[in-house]
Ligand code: BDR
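Here we start with a single chain on its own, the form predicted alone, put down as structure tokens.
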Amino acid sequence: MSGARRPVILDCDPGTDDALALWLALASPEIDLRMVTVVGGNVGLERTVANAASVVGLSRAVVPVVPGAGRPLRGHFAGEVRVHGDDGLRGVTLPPGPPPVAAVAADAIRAMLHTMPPAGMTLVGIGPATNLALALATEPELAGKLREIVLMGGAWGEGNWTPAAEFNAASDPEALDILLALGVPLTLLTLELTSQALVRPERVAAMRGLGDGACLRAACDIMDAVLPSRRLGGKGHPLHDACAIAWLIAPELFETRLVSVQVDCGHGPARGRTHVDRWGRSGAAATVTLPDTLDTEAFFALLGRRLARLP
């Protein structure tokens, strides 16, 4: 991506793959990371906030970390400790980061958007969409300040949290529904795409050979600590969230199509399912960009090069 750096607010719930995504954003000159907002999700909010602060602190970046929602719009977050461990980072210990900002994420997002020109900000969401939905549902006119919303979430096939639904979408489908209805250009990176970013031992070993910075070393330790995915045949585990950052900095790694998307907000077994119309069968307007394929080797090469730049 050429031209001026892209202003970004990154909303996350660290989470092993969130940590990698955060480091990739912090290492990429294409991104002007204005703020990191944090939601509960993979683990509870107290831990996700501490993890986000530690990730930012280890990079020596000066970026505000702002706590947000500890529960979805309805119900509660269940957490995914099977993947991320009780601490969210699979037992990899990072030094404590700087204290988070004494603010509320939704308020901080709105305040920052008020300072932006039209279509000036990109929102990236790699956790449940609660913070972003709370910010924009209360002042929907601020959608005009957005260049793009980029979300890791959803699936057009089988889910990874329930048979029907992906974890982020299932954690707060009402929030995702609010974002889909805004009319803002939106990119959705689903499980089918992110599962192509498969972490395997030889890929981690290659990254370790690129340097010995603390961030790169911690990133490799985290990737080594996550168990292989049974859903993907035990061949490795997917690095979901970093794909959203790669989309911003290297869109040439992806092939895409335009689709329509609806999310199931019911309370049955399909709750959180994203109905992705890849073939135009519904007649609904195709307004969501759906990355279909990823150049996996180029993705991991990019990830390694960028993380090797960090302290």
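If you're wondering where the values come from, they're calculated on a predicted model, not measured in any experiment. So that there is no doubt, residue numbering starts at 1 and follows the sequence shown.
Unshown form predicted in complex with ligand BDR; subsequent notes refer to it.
With the partner left out here, ligand BDR still marks one of 48 to 56, 272 to 280, 22 to 30, 240 to 248 in the predicted complex; by a 4.5 Å heavy atom cut-off that stretch is 240 to 248. Within 4.5 Å of ligand BDR in the predicted complex, a heavy atom is found for all three of 42, 80 and 168. Think of it this way: in the predicted complex, ligand BDR has a heavy atom of just one of 122, 196, 229, 160 within 4.5 Å, and the residue is 160. Though the partner is left out of this view, residue 191 does reach within 4.5 Å of ligand BDR in the predicted complex, counting heavy atoms only. Using a 4.5 Å cutoff between non-hydrogen atoms, residue 129 does not count as a contact of ligand BDR in the predicted complex. Proximity of residue 152 to ligand BDR in the predicted complex falls within the 4.5 Å heavy atom cutoff. Counting a residue when any of its non-hydrogen atoms is within 4.5 Å of ligand BDR in the predicted complex, the one hit in 84 to 99 is 84.
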